[in-house]
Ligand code: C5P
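Next up is one chain by itself, shown in structure tokens, the form predicted on its own.
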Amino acid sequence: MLGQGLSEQAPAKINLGLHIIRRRQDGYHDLATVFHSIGWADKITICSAEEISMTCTDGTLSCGEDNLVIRAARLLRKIADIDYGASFHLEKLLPHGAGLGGGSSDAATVLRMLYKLWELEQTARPLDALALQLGSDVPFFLHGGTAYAEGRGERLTPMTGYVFPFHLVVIVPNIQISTAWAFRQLDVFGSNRVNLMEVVQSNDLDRWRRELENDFEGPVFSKWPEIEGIKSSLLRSGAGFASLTGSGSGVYGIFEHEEDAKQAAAEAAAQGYVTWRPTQDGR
């Protein structure tokens, strides 16, 4: 085992389009979406320890058995049939309940880091199988990048070579939305939809506005008009496309011109919203 601590970033994602296709007999839903990693990230540090434990900079988050970091560590230890422990420190920079996938990214990052810490590369099961036991989008965060997702979100087609050429702004209001609540609001489904991967790859923002839809926008905007207002303000500020990410509450705007993106971010921050856009190094 490694004697020193390891630190890694756990990056967020946005959804470029999100279609809910059907409700399955197992209680899950089939969906189609394009996951796209962004530079906004939590930071996780782990060290060898006798037991599994964690601390977190966000006092509102549980550090107990319901936290995905702890669940990921316990699952891997059980599957690998080992008695090693680890201590985790989570520097929580991503808002939760915002559709950014922070908890899932934390879990995926912990699995990768524990493989190194516990030297399991040749002895444990493939990480993707473990990741799916923790959450439908956890497998995506093992690899990141941009990928077309189907099924529960675990059937991934990497969009190798895709280049995202735009300027991004993400705005998060002080609203946390339960993904389970959001799914319960959906009662109309359909499989005859545009191919989201094809639409995204076009990088045609006119087409994106026509064809990239997030099915959660209807119920979320109906309950929280403030979130719809954020989308509208991004479009008024010059965004070529704007959308809810995941089941919300985060909204992103995509700009062709950096100055428009800077101005939109500044206006949102002045209104008290949590706001992120990439710096020159992508973070």
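Numbers follow the displayed sequence, beginning with 1. As the structure is a prediction and not an experimental result, all values here were calculated from the model.
The same protein also exists as the form predicted in complex with ligand C5P; that form is not shown, yet it is the one meant from here on.
The candidate stretches are 73-81, 204-212, 112-120, 174-182, and the one lying within 4.5 Å of ligand C5P in the predicted bound form by heavy atoms is 174-182. None of 27, 64, 59, 225 but one reaches within 4.5 angstroms of ligand C5P in the predicted bound form through a heavy atom, and that residue is 27. A single residue from the set 38, 34, 52, 31 has any heavy atom within 4.5 angstroms of ligand C5P in the predicted bound form; that residue is 31. Residue contact with ligand C5P in the predicted bound form: residue 146 places no heavy atom within 4.5 Å of it.
Contact annotation: residue 135 falls within 4.5 Å of ligand C5P in the predicted bound form, judged by heavy atom distances.
In the predicted bound form, residue 152 approaches ligand C5P with a heavy atom inside 4.5 Å.
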